[in-house]
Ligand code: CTP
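Presented below, as structure tokens, is a lone chain in the form predicted alone.
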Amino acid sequence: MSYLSGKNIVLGITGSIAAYKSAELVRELREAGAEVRVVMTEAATSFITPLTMQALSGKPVHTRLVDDEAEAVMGHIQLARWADLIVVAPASADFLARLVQGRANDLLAALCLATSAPLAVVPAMNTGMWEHPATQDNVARLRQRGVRLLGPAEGDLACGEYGTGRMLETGLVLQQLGDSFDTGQLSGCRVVVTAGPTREPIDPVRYISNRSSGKMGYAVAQAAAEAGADVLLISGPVALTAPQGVKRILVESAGDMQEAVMADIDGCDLFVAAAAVADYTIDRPAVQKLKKRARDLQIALKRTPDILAGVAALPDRPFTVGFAAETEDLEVNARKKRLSKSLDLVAANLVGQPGTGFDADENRLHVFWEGGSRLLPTAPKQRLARELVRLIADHYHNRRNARETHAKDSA
């Protein structure tokens, strides 16, 4: 399974004869479903033209750190935030050295310094340059910082020599980039995620609902699948396609969602309730369309079932994560919700803030658990979901290990 579909990837190209392979890499990334933005160093433009890369990527190519036109739309900070992954292919010896030094004297180096996204480099250089102690020291330091090095390979080099330094073939680069999203942290786990709003019918044509787009819940489902889990997504009505590798059940009302959750919760290891479930539903929905007669209309409401609390109260409950959308007193309300519903974790965010929350592509979460919390800063929801799933996986495994240790001690 390729997890590159839907990913935002910045492809950096540096000054190397292997730059011609980057053209094929862009094509393969796009065929895998990724959206690609190309950033080229000045030296790279001597080997392959920006026009070629623009034609292949379908997007303008970025070459300058200070670009009046680009800054108005997507400056280097915006591009760094946009990326789910930055890959530099080919990466020259000079660029590896500048990366180690933390230089920001061109756009590509500045992006690598500014981003919080994973960074991968695909070295390409002469054997002597690759084997030089300075380069090997730089490589070791980059690995210590969490930078992934893909290659180099051994083979015929452009200089006529044979040895190590050849850029890894694009098919292998593509495979390893896809694998970088497959963390395996939830391998063997069964996860149920709820997402989106519910619709509570007033009559056959009207309903009560909310502004949830489902984007955060869908991102969590995808991130859990990337982590190796068997994921069931129970979704209210949204304008989103099912994430790759995720089974989806579509529902309408809070009652429908509760029924679907309880039907599939047995054997579930983790339950993540990201849906914005209606707190109230219509007591007696009209069978026929209500006509506009009286000046005022009163509708009786009744409480909907609390799905999250119901799952958390099960005798053999899964590890349970709730979401809290707040407009004020975020920490107080989130901690209160965690305690009142006996949740393992609660992920809270302020709604009604410009650019985040409902309908937005970015979000910001503050995650609370017993004895601790962690702030996940503003980021695209896909990246934020991967950070949240990593955090959930850590807590889930810690709890499971503690229970296994206790069981052994009691035996």
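Numbering starts at 1 and runs along the sequence shown. Just so we're clear, the structure is a prediction, and the values are computed from it rather than from any experiment.
From this point on, the text means the form predicted in complex with this ligand, which you will not see here.
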**Asked** Is the gap between Lys337 and this ligand in the model of the complex 4.5 Å or less for some heavy atom pair?
**Response** yes
**Prompt:** Should Pro305 be classed as touching this ligand in the model of the complex when contacts are defined as heavy atoms within 4.5 Å?
**Reply:** yes
**Asked** Does any heavy atom of Asp329 come within 4.5 Å of a heavy atom of this ligand in the model of the complex?
**Response** no
**Prompt:** Should Leu233 be classed as touching this ligand in the model of the complex when contacts are defined as heavy atoms within 4.5 Å?
**Reply:** no
**Asked** Can you pick the one in Ala227, Val87, Leu107, Ala278 that has a heavy atom within 4.5 Å of this ligand in the model of the complex?
**Response** Ala278
**Prompt:** Ok, Ala325, Met129, Val251, Leu150: which has a heavy atom sitting within 4.5 Å of this ligand in the model of the complex?
**Reply:** Ala325
**Asked** Tell me which of 135 to 143, 110 to 118, 267 to 275, 160 to 168 has residues with heavy atoms within 4.5 angstroms of this ligand in the model of the complex?
**Response** 267 to 275
